[in-house]
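Single chain ahead, written as structure tokens, the form predicted alone.
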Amino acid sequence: MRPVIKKQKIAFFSPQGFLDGNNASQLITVQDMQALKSSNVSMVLVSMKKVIFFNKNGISIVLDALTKMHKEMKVIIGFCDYNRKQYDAFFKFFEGDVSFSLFKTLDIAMLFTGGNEAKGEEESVLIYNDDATQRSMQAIEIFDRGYNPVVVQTLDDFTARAEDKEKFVEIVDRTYLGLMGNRIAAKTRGNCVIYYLKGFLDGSVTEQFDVMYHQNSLKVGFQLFMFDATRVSSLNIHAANFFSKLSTAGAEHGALIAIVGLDMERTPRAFVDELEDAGIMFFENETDFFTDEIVQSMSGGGAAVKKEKHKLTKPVVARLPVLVSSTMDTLQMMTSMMALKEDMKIQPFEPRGNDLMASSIAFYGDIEGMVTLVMPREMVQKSCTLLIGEESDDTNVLADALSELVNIVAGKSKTQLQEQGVNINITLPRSYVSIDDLHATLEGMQGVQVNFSFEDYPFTFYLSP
């Protein structure tokens, strides 16, 4: 099927009828791929407008062809022109692990490419997604295209704003940026990482749980780990042993593990006793967990106890320009201020300025390390106004927005490194409202400190092992 090309930026295929294992392989041919290589398009999409039925097998076959084009042509890939039921089906098929992009309409897709640029400063785009990271990424992309993004945090607010259609050149919802960004597998609340469990837990939990991800979360400075077990039916001795070992290892870093919402009537008492002996705490619900005195005493901390000291490796330092470039490009765009590089040294972390906030994120895979961004609170407000949707002086709101910012920067770095053949995974970001906590996390480390100034604001990029 020959693709249609819109304004030399988007190529899209329009299948009709069924898109399943019987006919999906005929949608994108080798000849189509060869033709697109010389077309200079930046996005390749499959329109679902005329599709009356599709299944996971059909979508997977199409994705194989799209992924090949993404790798060879460096284009954004995905689907467009779907209805709500089809949109939900994509996430159901891939259990939330969606690496491709989804655009509700072709016009919305044009907003995220070179096809439709803003003609004036007053052109506004309404943005809503129930995922905060998606809202932030979409706002940044739209802002970079010259539009004024109006970000709403709740569905009720979006519904009310969307009634005033004439105020917006486009209304963006049910849209998902896949390969543009990075998917976050877990959630955070302050200094706590929340993992979600379901079903019957047995020995397979060791295969399903990313231990490397967990260890790097400890490196970032997280000390509280909550396992939400409200959807768990029960567990056996193998799962109990896994959690017991995880808790013992975490204790060496000063970390606390808790299980919340587990059905105690279906769980053998011997397993509960074993887990409690290993230091795991049990709570009936999240409210009980976050109001517990021990948990509250740890909520403001961020110091992970280091068992051994690591050094930055040459392959990590070699990728420093990519990491710094992704950071500075994003911040300059969001603050409308030019960054001036002052100096770069290998040294222990040294804060610059007063009333500082910071956020860290670890990466691992082909290379391993941690990136920390440090800036004055006032610069956080300027940098994150776009992500919040309005000006705010609330410390918790600013800390969350700063976490989203460092997550987006890491996602951009991950994509650029992947194009260079370097594959990494990233942890959840950890924000610090107290530089003393950050000092404790970075204590004893030698990292690369790159100092910048944004007009009168000092800014520090710190790469540590």
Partner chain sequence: MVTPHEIAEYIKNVPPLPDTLRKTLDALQHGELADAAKIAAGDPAMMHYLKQVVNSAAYGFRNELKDASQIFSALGIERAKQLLYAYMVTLIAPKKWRYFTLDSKGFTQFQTALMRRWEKIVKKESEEEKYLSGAAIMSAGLVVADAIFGDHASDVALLRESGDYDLDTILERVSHLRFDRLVTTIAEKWEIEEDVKRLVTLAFGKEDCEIDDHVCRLARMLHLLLFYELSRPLMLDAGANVFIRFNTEFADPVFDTFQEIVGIE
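What you see is a predicted model; the values in this text were computed from it and never measured. Positions refer to the first chain, counted from 1.
In what follows, reference is made to the form predicted together with its partner chain, a form of this protein that is not presented.
**Q** The chain here is shown without its partner chain. Which stretch in 52 to 60, 433 to 441, 392 to 400, 65 to 73 comes within 4.5 angstroms of it in the model of the complex, by heavy atom distance?
**A** Comparing against its partner chain in the model of the complex, the contact stretch is 52 to 60.
**Q** Using a 4.5 Å heavy atom cut-off, are Pro3, Met333 and Lys412 all in contact with its partner chain in the model of the complex?
**A** Yes, the whole trio is in contact, each within 4.5 Å by some heavy atom.
**Q** Sort through Val150, Ile388, Ala255, Ile77 and report the residue having a heavy atom within 4.5 Å of its partner chain in the model of the complex.
**A** Checked against the cut-off, the match is Ile388.
**Q** Counting only non-hydrogen atoms and a 4.5 angstroms cut-off, does Asn23 reach its partner chain in the model of the complex?
**A** Yes.
**Q** Mark Pro15 yes when one of its heavy atoms lies within 4.5 Å of a heavy atom of its partner chain in the model of the complex, and no otherwise.
**A** Flag for Pro15 set to yes.
**Q** Does its partner chain get within 4.5 angstroms of any non-hydrogen atom of Ile408 in the model of the complex?
**A** Because a heavy atom of Ile408 falls inside 4.5 Å of its partner chain in the model of the complex, the answer is yes.
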